[in-house]
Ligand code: ATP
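One chain comes next, on its own, written out as structure tokens in the form predicted on its own.
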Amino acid sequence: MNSVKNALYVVNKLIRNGYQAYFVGGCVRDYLLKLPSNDIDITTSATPYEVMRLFKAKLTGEKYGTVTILDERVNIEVTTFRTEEGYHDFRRPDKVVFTTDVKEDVTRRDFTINALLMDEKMTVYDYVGGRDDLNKGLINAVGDPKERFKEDSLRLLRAVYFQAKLGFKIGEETFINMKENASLITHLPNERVLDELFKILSHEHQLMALKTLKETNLNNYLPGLKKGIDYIVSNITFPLFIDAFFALSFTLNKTVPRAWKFSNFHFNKYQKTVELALKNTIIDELVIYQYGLEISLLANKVLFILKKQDNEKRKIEALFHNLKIKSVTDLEIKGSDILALTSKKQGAWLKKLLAELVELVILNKIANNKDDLLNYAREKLNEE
């Protein structure tokens, strides 16, 4: 709420200079719900360059008439009243036309609860029924839901995100059109879908939102996630951490689809977790050494959710902290020590022998001291 007041000077200055100006969108919604809002959107009759003459600001969306005010306290974006035409990519308008009628501006927006206006006196203006929907806890598209989703297919996932954040019910007509148009999200860049999923999974009403993904068939267009979402909706009563959600879903899918543009780090983490979870093995010292603590814990979490193992978080952490060695470099001998015992050249055999020594130390079958390790290595070499 304070962030709106921190941005009030922008609205006041625009008005003093003869322009119309209102708070709009999420900041008005959150103000009325008494929720914090870090991003402030202001809509105005002033053009971007007129705004920039009044404030220290930078042009961040010339086509869309958006200027960002340089304010260290709060993120403020000021956008000129506009209408939009043509959406051939199901995401961005082909044509943007600036207007002087704020009603035309709000009727192009996504959901009624995001299309409320508020002036400098904190008086709210509602041209789309957003105030009533806010009071009823409903998410309804502005105007014709079918048109709104065809204009921007990301709105299908945005509806689910607002549900995850607010716990609101999606209105009947909007819900029906989400189901009928679910396939439109295939037009979205993978990265944008993934960003929206992260936000959905990060909020309090995650389970409600996942149920909507299932019931609207949106989960059919999320590669490798359908079985996970179906399982969670049917069996889970508590929200999952993001890593647990993806690891569970990909385990049920048996692999991590390449369609998702995860970082190499996250792709490998999820793939290794899937590999370990599918083994459904006891997570002992050797497994923890081979896979690491994070993946071992995540695989156990997945197996616990699937009712295949007990939750052994404390045990796994204790085993990890008590490992005699956590890396081949912790061995009391080096490859050069073994090479000194033989005339053989360095190769894959050496790496294999060092790995064997690590395993024996971890399993308490040999002490991690140089003499014992060298004696074992010498015996292995003599056997060949």
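So that there is no doubt, residue numbering starts at 1 and follows the sequence shown. Please read all numbers here as calculations on a predicted model, not as lab measurements.
The same protein also has a form predicted together with the named molecule, omitted here; what follows describes it.
- At the 4.5 Å threshold, heavy atoms of Ser336 stay clear of the named molecule in the predicted bound form, well away from it.
- Although the partner is absent from this view, Arg108 contacts the named molecule in the predicted bound form, with a non-hydrogen atom inside 4.5 angstroms.
- Using a 4.5 angstroms limit between non-hydrogen atoms, Glu356 is distant from the named molecule in the predicted bound form.
- Heavy atoms of Thr80 never reach within 4.5 Å of the named molecule in the predicted bound form, leaving it off the interface.
- Looking at 309-317, 126-134, 108-116, 212-220, the stretch with residues near the named molecule in the predicted bound form, meaning non-hydrogen atoms within 4.5 angstroms, turns out to be 108-116.
- A heavy atom within 4.5 Å of the named molecule in the predicted bound form is found for exactly one of Lys179, Lys146, Lys227, Arg91: Arg91.
- Taking a 4.5 Å heavy atom cutoff to the named molecule in the predicted bound form, the contacting residues in 38-53 are Asn38, Asp39, Asp41.
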